[in-house]
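Take a look at this single chain in structure tokens; it is the form predicted alone.
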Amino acid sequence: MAVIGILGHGTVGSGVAEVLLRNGNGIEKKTGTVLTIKKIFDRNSFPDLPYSHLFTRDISEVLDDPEIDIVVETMGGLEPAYSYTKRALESGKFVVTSNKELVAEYGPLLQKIAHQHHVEYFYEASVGGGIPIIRPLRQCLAANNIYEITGILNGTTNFILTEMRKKGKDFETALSEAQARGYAERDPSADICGFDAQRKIAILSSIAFGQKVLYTDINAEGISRITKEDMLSAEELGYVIKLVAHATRMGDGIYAMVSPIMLPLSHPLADVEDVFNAVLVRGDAIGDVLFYGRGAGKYPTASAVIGDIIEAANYQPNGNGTAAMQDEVSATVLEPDHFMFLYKFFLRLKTKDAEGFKKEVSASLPDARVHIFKNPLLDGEAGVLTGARSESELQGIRDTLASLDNTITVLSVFKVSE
């Protein structure tokens, strides 16, 4: 039997409690493991819940209770989550978390502390919500030399972009809808600025590449500047705009970024919509593997947390532990210009005369393709798709296009993936 203490009764913590209490008998039949919640720490009280007797406002009732052997941290943020996690591990308790911010910042250190005290730090739910991705990376795909990870890792932004594309909403309206549905926080900056996906790709890269990847070294761009006109222009060209997190191993370095990217409709990630996430992993033995599922939400994330709880309850020393996240030497995260031909670029422009603009581009950028939009909502606009370029060359291309006689203004610029 495993005795559990839960830290935090927010969206994820309450989901974990509800699923454990509702499905406990089924879990026992499938795994032979009895999981019992003894205490739930939260600053608030919940007198109307059928398990209200489990709540405490005294953290010591969880961290200092010798009967509790698994602590579930679903508080979020760095403090006091870090201090409580460290204290639990030093007390010889297993810790299971869904806190990507904590894992991205202190994961290797907390894992080292866990191993020093002969326990484990589990974090499957920190990336991809209910999608099993961390365990497959460290176990099922361990025979592979994984060289690339590309994913849609934030359900909130994916929902917003889906609403903009499918329903023609502007960014602010789609964001308000995401907040009304509980997908986005009152302060949505972690999602819409790309910081959430930045932390998640750092975690996945650290595991896949065997080197600590600092999330602060990864360039992140958000989606707040994307317009419904951008969506229409991409669709007319046979593309869809997604917020993509990407990491590639390149020699002794790693290139990683989070950015809105235009994906062709044939791309494996193009059809990932709403709050769903997907992660495309490329390895030398397996080839391409796609992991897909709900990337956020109360119960999908709770499912991943409980999977880790079961693994902790059945832990065998030197058996099913978490692969170490390296903390001695940080990976070298390369600047974008190390990848000269990683992306094409798409520029949407307002023109005086579209046909005249097309002729000017043909003379100035002979390898570029010009599209004059047919949608009346894009009247007077044209799109330019460049050949493969480095990001340092992009500014020169933008300046060239802006200087043409028939250019009024450059409206937007996107990376393009083929």
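A residue's number is simply how far along the shown sequence it sits, counting from 1. From a predicted model like this one, the values you see are computed outputs, not experimental measurements.
Absent from the display: the form predicted in complex with a small molecule. The rest refers to it.
- Query: Which one, K93, K200, K242, H246, lies within 4.5 Å of the small molecule in the predicted complex by heavy atoms?
  - Reply: Checking each option against the small molecule in the predicted complex, the one that comes within 4.5 Å is K200.
- Which residue among E124, D230, D191, E120 has a heavy atom within 4.5 angstroms of the small molecule in the predicted complex? Contact residue from the list: D191.
- Query: Though only this chain appears here, would T156 touch the small molecule in the predicted complex if you measure heavy atom gaps against 4.5 Å?
  - Reply: Contact check for T156: yes, within 4.5 Å of the small molecule in the predicted complex.
- So in the predicted complex, does any heavy atom of Y183 sit within 4.5 Å of the small molecule? Result yes; Y183 sits at the interface with the small molecule in the predicted complex.
- K100, heavy atom within 4.5 angstroms of the small molecule in the predicted complex: Within the cut-off, so yes.
- Mark A174 yes when one of its heavy atoms lies within 4.5 Å of a heavy atom of the small molecule in the predicted complex, and no otherwise. The answer is no: A174 has no heavy atom within 4.5 Å of the small molecule.
- Of these, 101-109, 290-298, 344-352, 80-88, which stretch puts a heavy atom within 4.5 angstroms of the small molecule in the predicted complex? Correct option: 290-298.
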